[in-house]
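First, one chain by itself: the form predicted on its own, in structure tokens.
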Amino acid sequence: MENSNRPKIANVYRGTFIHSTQKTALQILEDELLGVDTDGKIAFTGRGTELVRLSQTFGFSPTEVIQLAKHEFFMPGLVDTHIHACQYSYAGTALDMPLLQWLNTYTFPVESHFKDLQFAHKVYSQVVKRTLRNGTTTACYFATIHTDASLLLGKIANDFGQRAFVGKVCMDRNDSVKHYKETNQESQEETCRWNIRILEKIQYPLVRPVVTPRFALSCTGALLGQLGAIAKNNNLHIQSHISENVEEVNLVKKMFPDSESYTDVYLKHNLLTDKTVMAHGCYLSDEELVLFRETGASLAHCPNSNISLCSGMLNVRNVLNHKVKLGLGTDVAGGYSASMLDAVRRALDTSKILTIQNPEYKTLSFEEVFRLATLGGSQALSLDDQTGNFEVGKDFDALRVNVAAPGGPIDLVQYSNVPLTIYFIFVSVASGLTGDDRNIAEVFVAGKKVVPFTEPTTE
């Protein structure tokens, strides 16, 4: 009788599980059992030797357990803390200019086309499908200034089964592409309409709104203050950019002379909270990182974009030493790849470049970057009570990875006198060093298999 209110077990998996915990950067659990209930939550974990006891306790048949193959493992879904869904249409091109010139020449003209909902539907469907195939179970998206197209992105993400934060971009300053901006009043009213519509869409349980001032240079102080008030009054997440390149930082100083720093601009307008994630942060001072720590705000490290646009390099070790929450982002299309596995590789590369420049720099380990891409991302988005690892009670957001996938990128070679342990094989793939989307056999979000996926039915 005591178990009568417990959700029924939907699936039980047995095999190797890899995840991070608060204390351990990477933990490998071999011959582990994990049960997922009908609500998509992790109901139990345990050793394979406990199968009989667990089956009796949770009411499932041992014959129904799904056994992973020798070269398969489960890992948590990847969390992309910063991606511009609208920029996917030109990803991998137009990387020949620094940030501000790049925005004016390529980005703003392309984003202005998203008032066309047919065009928006095509691009947004492609980016959601591509990121899911690459194992991104949670994405924090920038859309454009167009409310209806932003709502469409939320619908598409939910229909394909991706957990998503979606932000209607707000900007009342744009001297280069004058038709791609809003008035202060329009931005405020449309942000409110956007938030209300998404929060009312209870059929979109995987999608949340996020207040999105593009960055300080695109917004007046009045608009920043209004957006801060909207976020505070509705307890909403916030996303923006900060300290991405030197020219940007210097212009912010000129435009906001009463602020002590770039971080102080956001702080004064109530945009630095424990639900804030700021992209980049390459040039943040130690004093600014202290403000991030004190407010609980997070950073999204976007190494591909930082290098591709010659913006800078984030000292991740310094951020971690300041105990600031940190996740990884692809930052499409400044970053040319929509794969979080690429973000993992670029994070490691950047760390090694910093070590070349300063041999005393402590290079990031594979295990640390794995945690940034999974549990770190969920912490950065204040979702770590719901997802990020395989703790009981969390949603089962997971990737079923096959190291030996037919036609995949990995050739397993075992020399008799050189033991190639399963640990190093799995860490190599899980850290994105050797694997890619071909190794991702299945993707689950909240217990539901979303890859391979079926096309959502059109209304």
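Numbers for residues come from their place in the sequence shown, where the first is 1. Please read all numbers here as calculations on a predicted model, not as lab measurements.
The protein also exists as the form predicted in complex with guanine; that form is not presented, and the subsequent description refers to it.
By the 4.5 Å heavy atom rule, the three marked residues F165, K275 and H301 all fail to count as contacting guanine in the model of the complex. For the chain shown alone, R345 is not a contact residue for guanine in the model of the complex, no non-hydrogen atom being within 4.5 angstroms.
Residue contact with guanine in the model of the complex: V265 places no heavy atom within 4.5 Å of it. Put simply, S305 is close to guanine in the model of the complex: some heavy atom of it is within 4.5 Å.
Residue contact with guanine in the model of the complex: H280 places a heavy atom within 4.5 Å of it.
Put simply, of S187, S351, Q87, N270 only one has a heavy atom within 4.5 Å of guanine in the model of the complex, and it is Q87. Proximity to guanine in the model of the complex, taken as a non-hydrogen atom within 4.5 angstroms, holds for one residue of R371, H146, K325, R214, which is R214. Looking at 381-389, 355-363, 153-161, 214-222, the stretch with residues near guanine in the model of the complex, meaning non-hydrogen atoms within 4.5 angstroms, turns out to be 214-222. Shown here without guanine, the chain has H241, E244 in 234-260 lying with a heavy atom within 4.5 Å of that partner in the model of the complex.
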